[in-house]
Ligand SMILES: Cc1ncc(COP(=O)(O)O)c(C=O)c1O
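Here we start with a single chain on its own, the form predicted alone, put down as structure tokens.
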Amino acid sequence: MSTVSEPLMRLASRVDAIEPFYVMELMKDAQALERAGRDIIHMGIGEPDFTAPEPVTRAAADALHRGVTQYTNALGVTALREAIAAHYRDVFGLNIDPSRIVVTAGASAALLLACMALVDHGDEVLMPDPCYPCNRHFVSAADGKPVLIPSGPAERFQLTAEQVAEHWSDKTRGVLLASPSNPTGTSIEPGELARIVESVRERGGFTIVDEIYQGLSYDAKPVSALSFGDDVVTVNSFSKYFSMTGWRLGWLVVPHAMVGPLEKLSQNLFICASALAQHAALACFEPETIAIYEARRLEFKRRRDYIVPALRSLGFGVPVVPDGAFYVYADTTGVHHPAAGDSEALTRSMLHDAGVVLVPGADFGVHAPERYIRLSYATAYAKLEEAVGRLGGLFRR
């Protein structure tokens, strides 16, 4: 019997500009080992081990029972936009007009919408190297060009105002920052962030700041980039601090002039964020729920305060102590292992020889990624202790 071969379709060139997640290959290896009976400790995934607390799941069940599951306004449920605005008042002392808040299908949709609204074909957007890979891919998806600027320990792995001025060109349209950052867990010092915003403003550009980890700040009261002007665009999410990763719910705070264009884009690209998730998220801001989230934040801080010195005792360099999120960006060049300084080979060895998953730096940029690994301490404290013991055995061989 003859078969008809599938015709070869021409794919859009933007697909080539978006790189795969290299760590997913490592995850496939880890899953294969688990299927074979190996016990694997996962410290690679950027997902809280906490799930939505009971008040949120109760609110979701109530919403489902009441049948409030139909399409919402593309900008989000009014009560949720008002609750988010009240959260900015209570936490940051900022009076944000709820009409400036756009509820989205996760922070990913928020970043995509912002880039679609602000980035034209060929526009360059400055961002630090290392950074979360999807952030640069959102720029590419909007037919822009991400420009990665090497940002090392001296810069806290973040952009500085001086770097923005140095690298700004006629093609530059704006900057995309994250504070605290994935993969480094470091924040931009408020004074430096203010200088960046002003530098970009003077050049007629845009500033987008990803603040999805801001609720998980440990050493100082966080300062939102919204403090530095109504022209700043911020991205936030219910995934990290609010422990609702799979619910796919986030938001933008934007200048008034952007609300209409974003509503049009959201209507056409997403229709709306999940109605059920939106009604459930209203419970996130109740005092009893905030108390749960604050207890979880302190638990993440306890884990950080354990894992940073533990990594250093194993020979890893931690040149900048993370002050937020749940990541450590560690230098591998000092560990006692043949693959020291080769993060991809080292992570393979840690997986196969010690049963511990960490992420090599290759996913996060092109500036010295072979030196660094990212560790996520979004796993139980006892698991962190066990992982350190296993790695200690590996590095003493």
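Fair warning: this is a prediction, and the values are worked out from it, not measured in the lab. Throughout, we count residues from 1 along the sequence that is shown.
We do not show the form predicted in complex with the named molecule, though everything after this point is about it.
- in the model of the complex, which of the listed residues (Gly106, Gly215, Gly144, Gly174) lies with a heavy atom within 4.5 Å of the named molecule? Here the answer is residue option Gly106.
- Listed residue that, although the named molecule is not shown, lies within 4.5 Å of it in the model of the complex (heavy atoms), from Thr186, Ser151, Gln278, Ser239: The option sitting close enough to the partner is Ser239.
- Looking at 84-92, 231-239, 307-315, 283-291, which lies within 4.5 angstroms of the named molecule in the model of the complex, counting heavy atoms? Contact-bearing stretch, as computed: 231-239.
- Decide if the three candidate residues Leu118, Ser140 and Phe206 all line the named molecule in the model of the complex, where lining means a heavy atom within 4.5 Å. No, none of the three is in contact.
- Query: Counting only non-hydrogen atoms and a 4.5 angstroms cut-off, does Gly46 reach the named molecule in the model of the complex?
  - Reply: Although the named molecule is absent here, Gly46 would touch it in the model of the complex, with heavy atoms inside 4.5 Å.
- Distance check, Tyr132 to the named molecule in the model of the complex, heavy atom within 4.5 Å: Yes, Tyr132 sits close enough to the named molecule in the model of the complex that at least one of its heavy atoms falls within 4.5 Å.
- Message: How about Arg248 - does it come within 4.5 Å of the named molecule in the model of the complex, if we only consider non-hydrogen atoms?
- Response: Because a heavy atom of Arg248 falls inside 4.5 Å of the named molecule in the model of the complex, the answer is yes.
- Query: in the model of the complex, does Ser224 have a heavy atom within 4.5 Å of the named molecule?
  - Reply: Flag for Ser224 set to no.
- Task: Residue by residue through 288-322, tell me which have a non-hydrogen atom within 4.5 angstroms of the named molecule in the model of the complex.
- Result: Result: empty, none.
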